[in-house]
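In the block that follows, a single chain appears as structure tokens, in the form predicted alone.
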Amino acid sequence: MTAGGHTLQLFEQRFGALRRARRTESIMLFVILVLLFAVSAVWTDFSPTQILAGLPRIGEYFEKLFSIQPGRDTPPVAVLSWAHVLGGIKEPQSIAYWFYRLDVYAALLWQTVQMAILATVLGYSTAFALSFSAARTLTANRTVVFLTRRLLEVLRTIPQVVLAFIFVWPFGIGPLAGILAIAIHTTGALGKLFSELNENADLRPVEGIKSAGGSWLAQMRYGVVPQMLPGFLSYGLLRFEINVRSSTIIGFVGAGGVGQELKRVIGFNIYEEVSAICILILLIVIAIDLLSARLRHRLIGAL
């Protein structure tokens, strides 16, 4: 056998062994994932049979939503005609009838948006300040990096609803508790993202400023921030969208916003008002998403 033939045979043997090892590894990984899924399904009572049995009941909500309630002793009558659905504000269960308290919903939604704005500004500012000391490539003191990262982990680990519930106790029911809860969680979430952005920064501008006698703050201000500013803006706008949705949830524990009203109407099974609030939340989230996208593209394009 020639040297070339021996080399080819050796290559094929090693390649075959590598493929068998990869195949075995993939099979083992698949088996582990299946076992983990099975164990999780058992522990959490996840049942496909129960899901299939419950799916038809989803239609019951819409049936009650579009049903006229003639009286206490008379069963509801389902009405799905266009004349009924698109009827006036005095037509029971029509879409216009859902929004008979639109002024109240609009005020609460505006309060929700204001909560998200304040919480995002507070959380963004704090996360921005902490992100530089949490970046391994920018801070030489490993103790400072370790403590800052653990602090950010604690801030984003506690659920916002739990934080809001805690703050309702000392500050009372209202938006303040919700603002503080969302701001703390935003600080932890954005701090992690911002620190990872900073670690990807090109260090040559930083070293140039340092060699010229610039302070650590000057190195961050002129060497890192201009590089990472598009990422900071993008993550900040994304977090604002998330905070708008979060503001509607934490209202369930009395932390202000439209969430408090949503909890009330759900508790009383007022189906038309639940639908009206959900539709308005969806519309405001879509509007903020479109506005944020335009603003993000304009700001990043101008840099």
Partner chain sequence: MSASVTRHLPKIPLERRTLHWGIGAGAFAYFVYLLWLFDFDRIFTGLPKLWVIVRLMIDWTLFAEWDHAELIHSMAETVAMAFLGTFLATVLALPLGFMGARNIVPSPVFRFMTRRLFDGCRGLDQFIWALVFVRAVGLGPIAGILAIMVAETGILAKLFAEAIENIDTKQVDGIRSTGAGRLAELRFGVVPQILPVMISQALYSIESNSREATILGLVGAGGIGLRLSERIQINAWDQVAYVIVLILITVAAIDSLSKWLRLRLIGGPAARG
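In this text, rigid core is short for the largest set of C-alphas that superpose within 1.5 Å between two forms. Positions refer to the first chain, counted from 1. The structure presented is a predicted model; accordingly, all values stated were derived computationally and were not measured.
Not pictured, yet referred to below: the form predicted together with the partner chain.
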Worksheet item: Which single stretch, out of 140 to 148, 213 to 221, 106 to 114, 197 to 205, brings residue heavy atoms within 4.5 Å of the partner chain in the predicted bound form?
Response: 106 to 114
Worksheet item: Between the options I166, A96, L229, A129, which residue brings a heavy atom to within 4.5 Å of the partner chain in the predicted bound form?
Response: I166
Discussion item. Can you tell me if R20 lies within 4.5 angstroms of the partner chain in the predicted bound form, counting non-hydrogen atoms only?
Written reply: no
Worksheet item: Do E12 and the partner chain come within 4.5 Å of each other in the predicted bound form, heavy atoms counted?
Response: no
Worksheet item: in the predicted bound form, does V162 have a heavy atom within 4.5 Å of the partner chain?
Response: yes
Practice prompt. Flag V285 as yes or no: does it have a non-hydrogen atom within 4.5 angstroms of any non-hydrogen atom of the partner chain in the predicted bound form?
Written response: yes
Worksheet entry | Heavy atom within 4.5 Å of the partner chain in the predicted bound form - qualifying residues of 26 to 45 | S26, L29, L33, L36, F37, S40, A41, W43, T44, D45
Worksheet entry | C-alpha of A41 moved at least 2 Å between this form and the one not shown on rigid core | yes
